[in-house]
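Single chain ahead, written as structure tokens, the form predicted alone.
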């Protein structure tokens, strides 16, 4: 039976609840209803008293989680949409992120953010906020792009003593499937080579990984081999794997769904340009969504975000094809 990206998240939470009595899940309508996307479906019945409905107050949800972690618990907080987490921004960046530094008391908690765009979702349910949270010291920011990583990285996050922002892309919930869950995992903070190549490096993460892989497949038929790097984690950022890839290919295109100002793609390009300038045979480039709020209309949304078509055009231009 195929396992979806969403199934993997649910199974990881079930395993964490079963194996660690300190773990509990807190969020809006996650109990009997199973959450907005059913990521906790059935868990309240399997683990009574540990999958708890919260008030409609993201500020209160995160504040409770910080307090619970101080007392030795390991809460998993589900936001209905990543966008709504900004209502709890103060608690995340001024409390959770700084707690260990201020008090020497760890703050092990996870904030699950259903992020990214889907057709018709519009500006309030489609944002990619990984860059904002990665800006703050003390937070770990994860962006799993595969079923296997959705499972293993969530379990890995539960084991960390740091607050984790877990960015799970809504578009991948049902579009990705795997035959089984992994028994071994790549460590958190380590990127992976999703497809080897020799002619240029495309760095991507989250849903953009699959657009990049589609482009690599397309250009391979034309005799161009693109190496695709899946960042997996944006904080910490695995500069070594990116740099080693650029050393092999001499060219870099970094792709992200978030807005272009600043961002993960800007950070990757800046690091390569400053630390690996001599490795480059062409100026490094980045490709992001348009610098506007995310549109509602499916056709406008498709034009707003990077797609295989726009990535292929940028890659061909960078390669001089």
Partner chain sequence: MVHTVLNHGAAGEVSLFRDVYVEAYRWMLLARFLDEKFASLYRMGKIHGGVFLGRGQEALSVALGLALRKGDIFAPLIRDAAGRLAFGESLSDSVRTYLGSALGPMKGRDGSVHRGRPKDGLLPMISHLGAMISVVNGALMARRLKGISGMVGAASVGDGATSTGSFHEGLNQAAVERLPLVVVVANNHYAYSTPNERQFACASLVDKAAGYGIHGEELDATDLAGCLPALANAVERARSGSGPQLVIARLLRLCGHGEHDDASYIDPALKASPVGRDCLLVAEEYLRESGWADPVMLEAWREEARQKVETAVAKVQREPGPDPYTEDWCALASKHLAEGGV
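Positions refer to the first chain, counted from 1. All figures in this text were calculated on a predicted structure; none of them were measured in a lab.
The form predicted in complex with its partner chain is left out here; the points below concern that form.
Relative to its partner chain in the predicted complex, residues 73, 101 and 140 are all within 4.5 Å by at least one heavy atom. For the candidate set 67, 283, 293, 42, a heavy atom within 4.5 Å of its partner chain in the predicted complex is found for exactly one residue, namely 67. Among the residues 250, 196, 236, 123, the one placing a heavy atom within 4.5 Å of its partner chain in the predicted complex is 236. Its partner chain is not shown here, but in the predicted complex it comes within 4.5 Å of a heavy atom of residue 24.
Although the partner is absent here, residue 162 lies within 4.5 Å of its partner chain in the predicted complex, judged by heavy atoms. Taking the partner from elsewhere, residue 61 is found to have a heavy atom lying within 4.5 Å of its partner chain in the predicted complex.
The closest non-hydrogen atom of residue 260 lies beyond 4.5 Å of its partner chain in the predicted complex.
Between 49-57, 252-260, 283-291, 29-37, the stretch whose residues reach within 4.5 angstroms of its partner chain in the predicted complex through a non-hydrogen atom is 49-57.
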